[in-house]
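Quick heads-up: the structure tokens below are two forms of one chain, split into structure 1 and structure 2.
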Structure 1
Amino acid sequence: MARVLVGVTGGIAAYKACELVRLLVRAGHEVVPLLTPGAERFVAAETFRALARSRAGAEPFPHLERADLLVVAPCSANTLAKLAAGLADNLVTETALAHAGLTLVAPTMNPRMWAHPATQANARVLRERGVEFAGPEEGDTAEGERGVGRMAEPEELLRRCALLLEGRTRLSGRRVLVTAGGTREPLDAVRFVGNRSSGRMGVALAAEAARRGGRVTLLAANLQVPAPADVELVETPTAADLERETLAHAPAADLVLMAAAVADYRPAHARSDKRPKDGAAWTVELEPTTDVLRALAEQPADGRVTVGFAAETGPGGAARAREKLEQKALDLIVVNDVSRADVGFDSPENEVVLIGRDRERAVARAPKEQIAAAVLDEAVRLLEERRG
């Protein structure tokens, strides 16, 4: 089994970390508890050592020990800020800075503290570095307020730990093709027809697939966010570029995730120079681009799993997505409502429905990194069922 470091920070929720340690030990993991001075104001270190079945002084440099997973639970607002800034002023933050494996944090704090822009900025920084988040959850807090700030329950944290540890190798050796961003179709030398996709969802999928051991190729259409460092990056600025590279790379892929927003139309006649502004009207004729998903469906699949995305508005979106699933021979389609201002385009969060041939699953609003994990969970399940 795995070696798990459990960092406990100051807060009343420290008592829940005792149960988490007990559950991890019962699951067969080797657990090393690490406490901040603030945590010891709530629960003694001896309690954690007893639950972990470890002895004091067993690790002379515990923050430098090799481990498969670091869990910080509870993670206070103060510790979250330290982790984002790279500070190392106690055993937990020293460990986080030296740890090279998977990291899961379970924030807990007053709802107003969690909602503060500084805390949200710290969370974004950590997610961009690949740190996984569990919670915080909505409910009553210790000081009597209600809102988002409660620590995730130990059973949920155990489940997330199992998924992370299992996911380290579930895509090992598999080839994964991901498309991300929004294509731009030139009108002239400086203008284009485009869309609002930032590529954040596709980048999150590529990063998650790479974390699970996949050999990832990312077809990038005008990304507005940095691409992961551990993937093969291929620039595909236009629909034609993305079509060409998708059809070239897909035959070797085990899993294809088509998250890019590909233009449905392009100017029929693009100018090579800049059209001067002269006060006259400019009538542009648009012609349809190739339907990349339909073209992909015409290729032999050879056991490949293909995941499409449907950006829908208004009622009937799920029904249209189901039709798309059938018409384009998809194994899974991810549906989200882009008419909402709080999720989807231009937002770090999303809320989706995963529609497959045998079941549907709603994924509640969450950061796109968590949405990506949910999508990969389902896609990997389908891949394993298909290829044994």
Structure 2
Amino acid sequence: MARVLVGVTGGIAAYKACELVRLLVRAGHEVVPLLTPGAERFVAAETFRALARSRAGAEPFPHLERADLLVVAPCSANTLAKLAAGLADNLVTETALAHAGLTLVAPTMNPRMWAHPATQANARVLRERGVEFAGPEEGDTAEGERGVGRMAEPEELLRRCALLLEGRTRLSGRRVLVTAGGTREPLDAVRFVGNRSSGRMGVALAAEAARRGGRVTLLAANLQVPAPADVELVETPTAADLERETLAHAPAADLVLMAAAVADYRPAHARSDKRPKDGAAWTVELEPTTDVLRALAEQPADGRVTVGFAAETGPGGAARAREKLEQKALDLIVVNDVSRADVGFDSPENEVVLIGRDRERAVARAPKEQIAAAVLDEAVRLLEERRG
């Protein structure tokens, strides 16, 4: 059983915090609800006290009590800004400033408020300080807009609390670099040589790494799916962009997950204008791109764990992947058979084999989110072995 402080701020979603408190109590935790004056415009403190089974005025200075975890849900844009600035002008912000344990915030606001550079800068400051984020998620807001701003559901918040309290967010404070999508190599101003990768697998990995507390940078090559909200996003449309950003970000990373499908060849001469259609054949010379994994292998790794992905077709794929593991100094390689139509490229599902230096594990067909969790379980195990 843990002692959990639940900070509630002013927004429609404050009513959902009642469910969170109920779930935490049911899970056996001692829960202390704390409301901002803004929150009390939406929900009554009495409701929370009843759900937390606490007596009114039982704790005159709850902000000074020791606690294992502070959860701020919903966390308004206003409170997020106050937390980043270190203000202490109500029970929730005072508590946050005095709290020495883990903090989880669930930002909830209008999508434009969340996208605002001021809010994004505040979120960055808090992440850098080790605050964990749950959401915000994409969906319809109470005002009928669609976008990223919804509060993570209470069940998801409970799951995150459980992970944090069990110390199982073993990526807490770790820097994770993920590449996702497929690069496009220009032929001329409008045409390109590309591949079928949607970015789903890399996005699922980035989301899972962030859920486990990692500070995630996602190098995004033409994603066909939305990127998770709680990661740093860097657009890398071409193989050259992806190579440059990977080599720049990898030295600071504890874990590198190279899920992007990077072009092996690019047109040797890309035209800066659009080639007119003239009925003549167009012969294109392709030149090899830099092998990013090989280039990464030449950097000093300093305890970093590097995971590669191999899109193989047909039998012999696993043997080729094992060779790649050796040649490119990888710690783990995730092999999938892209000749199958039901999994892999473009598909929400995948079926993979995880090949490490000391063991191999087949992961049965599952949604890419579950495959991502299996890959991270293995990568985290390797990271812990290496860094303790």
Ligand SMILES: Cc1cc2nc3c(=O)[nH]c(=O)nc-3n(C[C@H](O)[C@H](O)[C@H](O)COP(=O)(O)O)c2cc1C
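Computed from a predicted model, the values in this text were never measured in an experiment. Between two forms, the rigid core is defined as the largest C-alpha subset superposing within 1.5 Å. Just so we're on the same page, residue numbers count up from 1 along structure 1's sequence.
Student: Eyeball the pair and call it: which is the form predicted together with this ligand?
Tutor: The chain shown second - structure 2 - is the form that fits the description.
Student: Spell out whether the Cα of residue 185 moves at least 2 Å between structures 1 and 2 when the two forms are superposed on their rigid core.
Tutor: Where the cores coincide, residue 185 shows only a C-alpha shift between structures 1 and 2 that is less than 2 Å.
Student: Rigid core fitted, is the C-alpha displacement of residue 276 between structures 1 and 2 2 Å or more?
Tutor: Not so; residue 276 is displaced by less than 2 Å.
Student: Core aligned, does the CA of residue 237 move at least 2 Å between structures 1 and 2?
Tutor: For residue 237, whose C-alpha is compared between structures 1 and 2 after core superposition, the shift is less than 2 Å.
Student: Report, in Å with one decimal, the C-alpha displacement of residue 128 between structures 1 and 2 after core superposition.
Tutor: Core-aligned C-alpha shift comes out at 24.9 Å.
Student: Rigid core superposed, I'd like the Cα shift of residue 29 between structures 1 and 2 in Å.
Tutor: That residue's C-alpha sits 7.8 Å away in the other form.
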